[in-house]
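So this first bit is one chain, no partners, the form predicted alone, shown in structure tokens.
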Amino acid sequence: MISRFLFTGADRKVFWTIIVLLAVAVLVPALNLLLPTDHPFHVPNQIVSLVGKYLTYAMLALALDLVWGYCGILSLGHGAFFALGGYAMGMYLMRQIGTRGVYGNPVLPDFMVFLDWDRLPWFWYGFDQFWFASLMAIAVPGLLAFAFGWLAFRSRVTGVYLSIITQALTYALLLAFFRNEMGFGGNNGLTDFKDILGFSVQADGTRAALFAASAIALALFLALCLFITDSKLGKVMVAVRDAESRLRFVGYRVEHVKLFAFVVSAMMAGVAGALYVPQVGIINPGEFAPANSIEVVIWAAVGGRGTLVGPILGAIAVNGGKSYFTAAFPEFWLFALGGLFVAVTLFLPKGIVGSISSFRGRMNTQSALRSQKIADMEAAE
């Protein structure tokens, strides 16, 4: 398996990306925790938190790439699955506050006390356990994706209509979670977290561990996506993307293929959201905003959809630029983001990674033709 990675182009990129991610998962926390702050190779705490957040965004972009790049499903609602995973972890973190909250209630979170709730809602039961919250961060997005996908794909909703429906889904969840009576903190969301697995979320060691967990999870998801796309199922997914009607004609159940990819992608997005929340310290309904899901599409497009590595690169590069330009030129950032998307669409339609691969392919072809031409001339002589 490893030898195949090393000698094929696309797989080789993925293999070395996985190696880099695993190395970063060890190296960055070590440089942060073991070196003094005045050491030239010390990684500051804010960089650990910021890059850890970018890694969760990269997971979300990779999840979208699985359905968009390989199955042709342009989802404009993947931010909903990300946010649901984040809320699952946020509920666990809220249950860990206990009597350290503003009102000192050992059972009810502060926002419930403020809103005069007299008991904990049934859907909060079990979230005092990390394993249960982790399970819900995967299961809830997966179940929602299964229900939505089963109805949409069975009805053969495709193209722009499916994209609009996915955006409507995340907007509906945005409106629902804004309501105080839903029991998820209303417009303020969930925040003021204290502990995770008994460790302070503000501690340097905890932040480093969350960074490492994000890098390792991204590496594992990258390996999973490679396994799926390199399998026979992956070839069928690409066929669904390129010629869905022909695939139906030869007898494939296209809706089952789409549903599988959509559910796996949603669960990946849920895990990304669960790792995102303890690193940023808050989750609110703003994460359901349709603009967030559209931005994920931009990450994947900039990096190169259908390449696995491209969306990861796009998510990190775009968000890194966003962090810089929002501080340096805050009033122009949105124009820069829109201009970037237009420029990539016009000049790099396959994204950064896809365009580089295409360029290398053309160069190799031209080199092979030149070599063949020289060989023919020498044979003629």
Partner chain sequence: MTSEMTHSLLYLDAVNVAFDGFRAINNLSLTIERGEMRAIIGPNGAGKTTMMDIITGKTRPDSGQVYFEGAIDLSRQDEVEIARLGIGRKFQKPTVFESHTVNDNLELALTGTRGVFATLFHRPGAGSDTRINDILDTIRLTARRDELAADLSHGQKQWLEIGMLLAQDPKLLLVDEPVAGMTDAETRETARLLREIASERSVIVVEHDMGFVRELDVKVTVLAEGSVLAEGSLDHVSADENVIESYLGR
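Note that the structure is predicted; figures quoted are calculated from it, not measured. Numbering follows the first chain given and starts at 1.
Below, we refer to the form predicted in complex with the partner chain, which is not included among the displayed structures.
- Stretch-level contact analysis of 129-137, 226-234, 275-283, 306-314 against the partner chain in the predicted bound form, using heavy atoms and a 4.5 Å limit, identifies 226-234.
- G198 falls outside the set of residues with a heavy atom inside 4.5 Å of the partner chain in the predicted bound form.
- At the 4.5 Å threshold, heavy atoms of D204 stay clear of the partner chain in the predicted bound form, well away from it.
- Remark: A219 does not count among the residues lining the partner chain in the predicted bound form, judged by a heavy atom distance of 4.5 Å or less.
- Proximity of K194 to the partner chain in the predicted bound form falls outside the 4.5 Å heavy atom cutoff.
- The listed set R179, R154, R248, R100 contains one residue whose heavy atoms approach the partner chain in the predicted bound form to within 4.5 Å, identified as R248.
- For the residues L74, V113, A239, I165, the 4.5 Å heavy atom test against the partner chain in the predicted bound form is passed only by A239.
- Along 248-268, residues R248, F249, V250, G251, Y252, R253, H256, V257, F260 each place a heavy atom within 4.5 Å of the partner chain in the predicted bound form.
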